[in-house]
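A lone chain, given as structure tokens: the form predicted on its own.
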């Protein structure tokens, strides 16, 4: 049975644990790790059937078959190279870290060198399968427009740097327009989807992103428009924010769970 270790015990990590605990994912939840040991232990004791051990990162990586990173972009730099060098497959949730070209090339190279897999769930958007398919013929443009309630954008580096008073906004306001590489640095906790779209499609410099704060919204809205040799498609998803973190969409956790189930399923549907 596949041994899974989860690094990062926030909302997404917790949802994955509960899916394994309930039997929805047929795998062994072997170990947990978090910057807060008490948080990891609290999660472990809340489970009904699984009894994962708390381990430091180095021990966890040596003990499992698959590492699930659900910590932060900064954690990716430390965790993923170690895991790949140890021959461990890795699922990455903080995909925005891959906007760094040097890091991206290093990690892709390590995965190839050590015959490991890097998995990137589709996250809080739909249409990644369409982008993958369209790329086979050629894509000319990809645009992501993200609309969120102001509370979901609080603390973002771009907001802080520009002194934007989100609580005073009374109408839909465009905060940012630029490339995906710029967006993931400006809003690291909000637009991991921009990184996933970029990896699937035409890259971080050619993928365009617009971020809008809208006080009338209670959901996180992502719209993707793709044009190319195949034609054109548009997707729109209105995500409920996670109960614990308004910066994270509930669908992102469900996507991670679905990816794990797909890895273990002999029947594969979709691109």
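Everything numeric here is computed off the predicted structure, so don't read it as measured data. Numbering follows the first chain given and starts at 1.
Not on display, but discussed next: the form predicted together with a small molecule.
Q: Look at the candidate spot formed by 142, 209 and 225 and say whether the small molecule comes within 4.5 Å of a heavy atom in all three of them in the model of the complex.
A: Judged in the model of the complex, none of 142, 209 and 225 sits within 4.5 Å of the small molecule.
Q: Answer for residue 94 alone: is it within 4.5 Å of the small molecule in the model of the complex, judged on heavy atom distances?
A: Because a heavy atom of residue 94 falls inside 4.5 Å of the small molecule in the model of the complex, the answer is yes.
Q: Quick one: is residue 189 in contact with the small molecule in the model of the complex, heavy atoms, 4.5 Å cut-off?
A: Answer yes; at least one heavy atom of residue 189 falls within 4.5 Å of the small molecule in the model of the complex.
Q: Report whether the minimum heavy atom distance between residue 46 and the small molecule in the model of the complex is within 4.5 Å.
A: The answer is no: residue 46 has no heavy atom within 4.5 Å of the small molecule.
Q: At 4.5 Å between heavy atoms, is residue 38 in contact with the small molecule in the model of the complex?
A: No, residue 38 is distant from the partner.
Q: Have a look at 128, 71, 175, 99 for me and say which one sits with a heavy atom within 4.5 Å of the small molecule in the model of the complex.
A: The residue in contact is 71.
Q: Name the stretch: of 241-249, 59-67, 201-209, 227-235, exactly one has residues whose heavy atoms fall within 4.5 Å of the small molecule in the model of the complex.
A: Among the candidates, contact is made by 241-249.
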